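In the form predicted alone, a lone chain appears below as structure tokens.
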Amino acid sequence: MHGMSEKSAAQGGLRERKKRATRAALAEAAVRLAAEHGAEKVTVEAISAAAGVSVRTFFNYFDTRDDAFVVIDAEAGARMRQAVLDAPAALSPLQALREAMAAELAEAEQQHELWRLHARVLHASPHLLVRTLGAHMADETELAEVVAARIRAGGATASAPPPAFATDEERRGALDLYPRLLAAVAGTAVRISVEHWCARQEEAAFLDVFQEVFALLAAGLPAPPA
């Protein structure tokens, strides 16, 4: 019986990895095709063919064609939130968030060419950019919620789900200022780190730029020497 449980768990883990890999392949195919041809000219059939799956499989992962362009890694936010909750109690909220983001960005750095293509696709298609910004705002609110949960728990792991609200506006309104500000500033810090590094890749590694940005935040953004 114990062996069967272990086997089922292994199979379940394998299935989940395959699902994540399939979704990632579809998102990457969508971005690369859109970067080459323009998002409006890319069909579900073309995305599916490029990813090596059927159209039916595509709709197992996305409700519409446009959904495939919005987020490259749909699980990054959930992993980051869990990392914030699981971070050592001795870390401040800012430090916990920095470490959680650094772990995700270390992986994303290996795909920086795909992320640059994604940014190009979004800026060329305003309606996709709007949808992506909406998704980022939702992620930001969820991140602020786990920061708030961590603060309430005194830094210990806090796994209780946030209360249910009718709208995202209600969710944001229920949060205190600090977790909302920290989540928003952290998101901006990532964007600035990416933009700065992309323009000066020969000068420093991306994670070094990211760590420098968070060091400036932790220091209170002191003015640089003249």
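Remember, predicted model here, so these are calculated numbers, not experimental data. Between two forms, the rigid core is defined as the largest C-alpha subset superposing within 1.5 Å. From 1 onward, residues are counted along the sequence shown.
This protein has a second form, the form predicted together with the DNA, left out of what is shown; the following refers to that one.
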message: When the contact criterion is heavy atoms within 4.5 Å, does Ala34 count as touching the DNA in the predicted bound form?
response: no
message: Would you classify Tyr61 as touching the DNA in the predicted bound form, given a 4.5 Å non-hydrogen atom cut-off?
response: yes
query: Does His196 reach the DNA in the predicted bound form, with heavy atoms at most 4.5 Å apart?
result: no
query: Heavy atom to heavy atom, is Leu216 within 4.5 Å of the DNA in the predicted bound form?
result: no
task: Between 47-84 and the DNA in the predicted bound form, list the residues on our side with a heavy atom within 4.5 Å.
output: Gly52, Val53, Ser54, Arg56, Thr57, Phe59, Asn60, Tyr61, Asp63, Thr64, Arg65
field: Ser48: Cα shift of 2 Å or greater between the shown form and the other one (core-aligned)
entry: yes
- prompt: Core-aligned, is the CA shift for Arg79 between the shown form and the other one 2 angstroms or more?
  reply: no
- prompt: On a core-based superposition, does Ala186 travel 2 Å or more at its Cα between the shown form and the other one?
  reply: no
- line: Distance flag for His127 and Arg191 (Cα, change 3 Å or more) in the predicted bound form: the two residues are closer
statement: Per the comparison in the predicted bound form, the Ala102 and Thr22 C-alpha atoms (change 3 Å or more) are positioned farther
